[in-house]
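Here's a solo chain for you in structure tokens, the form predicted alone.
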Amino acid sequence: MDFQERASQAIRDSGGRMTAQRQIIVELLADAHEDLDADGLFQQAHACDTSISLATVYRTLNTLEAAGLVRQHYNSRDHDRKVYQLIEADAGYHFTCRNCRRVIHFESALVQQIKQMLEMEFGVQVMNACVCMDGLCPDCQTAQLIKGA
């Protein structure tokens, strides 16, 4: 079963109907090549069907998140931009350049080790880890050096 089928089932299981508007939202999520925030998803969905509201986008995201099909995370240290991604997608973590706002996705076994340590030491179940790092990307570091020279 692919994401769209699982999403349709999750919406029906939650007591909702798989409307044409929700189908558009699910398709956009399935076809996304980058993390989307609710506003960006709304803009894309609204371009397809002007009857789609921001509330419909949020309700659909909440249903899919509760079903374990999408998860939210942040790309910035201030947690000012919540983005969503499919759980089956390679989540990873993010480094954001403070200057040009470029986002670099990365993986780290250390985060998995921290999760395991927390579970063992405190008896918790870690379901999500949000790791946001920022600084200067190589291009902005070079530009800063040239500018300072």
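Numbers follow the displayed sequence, beginning with 1. Not measured: the values here are computed from a predicted model.
The protein also exists as the form predicted together with the DNA; that form is not presented, and the subsequent description refers to it.
Peer 1: With the partner left out here, if you bring back the DNA in the predicted complex, are Gly16, Arg22 and Asn62 all within 4.5 Å of it by some heavy atom?
Peer 2: Every listed residue reaches the DNA in the predicted complex, so yes.
Peer 1: Quick one: from Lys115, Arg81, His105, Arg102, grab the residue that has a heavy atom within 4.5 Å of the DNA in the predicted complex.
Peer 2: Of the listed residues, the single hit is Arg81.
Peer 1: Just to be sure I understand the contacts: of Ile52, Cys97, Leu86, Leu28, which is the one whose heavy atoms reach within 4.5 angstroms of the DNA in the predicted complex?
Peer 2: Checking each option against the DNA in the predicted complex, the one that comes within 4.5 Å is Ile52.
Peer 1: Should Ala32 be classed as touching the DNA in the predicted complex when contacts are defined as heavy atoms within 4.5 Å?
Peer 2: Contact with the DNA, no.
Peer 1: Contact with the DNA in the predicted complex for Leu69, defined as at least one heavy atom pair within 4.5 Å: yes or no?
Peer 2: Result no; Leu69 lies far from the DNA in the predicted complex.
Peer 1: Answer for Gln44 alone: is it within 4.5 Å of the DNA in the predicted complex, judged on heavy atom distances?
Peer 2: Answer no; every heavy atom of Gln44 is more than 4.5 Å from the DNA in the predicted complex.
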